[in-house]
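Taking the form predicted alone, here's one chain by itself in structure tokens.
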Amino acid sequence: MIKADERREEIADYVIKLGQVRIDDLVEHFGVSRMTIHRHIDRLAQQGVLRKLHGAVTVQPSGLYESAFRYRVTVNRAEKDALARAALDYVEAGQVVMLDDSSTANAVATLLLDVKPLTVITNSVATASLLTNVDELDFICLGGQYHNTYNAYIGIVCENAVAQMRANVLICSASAITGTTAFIQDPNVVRVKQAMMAASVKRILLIDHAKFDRIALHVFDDLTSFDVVLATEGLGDARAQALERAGVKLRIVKTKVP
């Protein structure tokens, strides 16, 4: 049975994609009761993600970025934090670490302060705000066209900047996993992430188990291309074993700290 926060994420994604949706359409699309939809929307409205109208729901007028990114950094927070802690096992002082624009990689940023000295490269403005003016940390923010949906720089300028660099470790995430393939919704984001893959010696993918069997439009890369795929518990033994048989270097991360 799908968890409440996962269902809210699906509802938020759906409304963000369409801009405005009738309550009746949400009831039909998700196959749940009107009362359940109202309960989820009320919670999302309290978080500042969506706004309720008469018989409909819309993205907050503050803009798509604030609705999308502010929500994503809070949803499944325990999973993001657990993945971030596990990612530190692959980072050593003195390295060059590249972080993508995902909210999951953003959770890693503050933890890197315990591994200094480091050089950190990212296209994420949210991560930049955490890591600028930090002693023993050389910070490089990739330029490019600013995209408010992701609060990050993307586009050809960013891709070219990445191509001129070399990192010891890339820590990144994806929108969805189908089979052994990682997907991203936006092709411009895909190209930046693929440039980061090419510029990094070791590639670490952080994935919440809820992203398996989700749908996104564009192929990012095969899971076998990563040196390790960190996935939260809840993936299931059968799926984990299938991924390992396919050659995926999988590590299951427990959400709760012992």
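Quick caveat, the model's predicted, so the values are computed rather than measured. Don't overthink the numbering: it's just position in the shown sequence, from 1. Basically, rigid core = biggest C-alpha set you can superpose within 1.5 Å across the two forms.
There is also a form predicted in complex with the DNA; it is not shown, and the following applies to it.
- Heavy atoms within 4.5 Å of the DNA in the predicted bound form are found in exactly one of 186 to 194, 199 to 207, 27 to 35, 215 to 223, that being 27 to 35.
- No residue in the set 239, 243 and 253 has a non-hydrogen atom no more than 4.5 Å from the DNA in the predicted bound form.
- Residue 42 belongs to the set of residues with a heavy atom inside 4.5 Å of the DNA in the predicted bound form.
- Taking non-hydrogen atoms only, residue 228 never approaches the DNA to within 4.5 angstroms in the predicted bound form.
- Residue contact check for residue 23: one or more of its heavy atoms lie within 4.5 Å of the DNA in the predicted bound form.
- Shown without its partner, the chain has no residue in segment 161 to 177 with a non-hydrogen atom within 4.5 angstroms of the DNA in the predicted bound form.
- Superposition on the rigid core between the shown form and the other one places the CA atom of residue 40 2 Å or more away from its counterpart.
- After superposing the rigid core, the Cα of residue 24 is displaced by 2 Å or more between the shown form and the other one.
- Once both forms are fitted on their rigid core, the CA atom of residue 243 lies less than 2 Å apart between the shown form and the other one.
- Annotation: residue 190/residue 11 CA-CA distance longer in the predicted bound form than in the displayed model, change of at least 3 Å.
- Between the C-alpha atoms of residue 8 and residue 223, a gap widened by no less than 3 Å is obtained in the predicted bound form, as opposed to the form on display.
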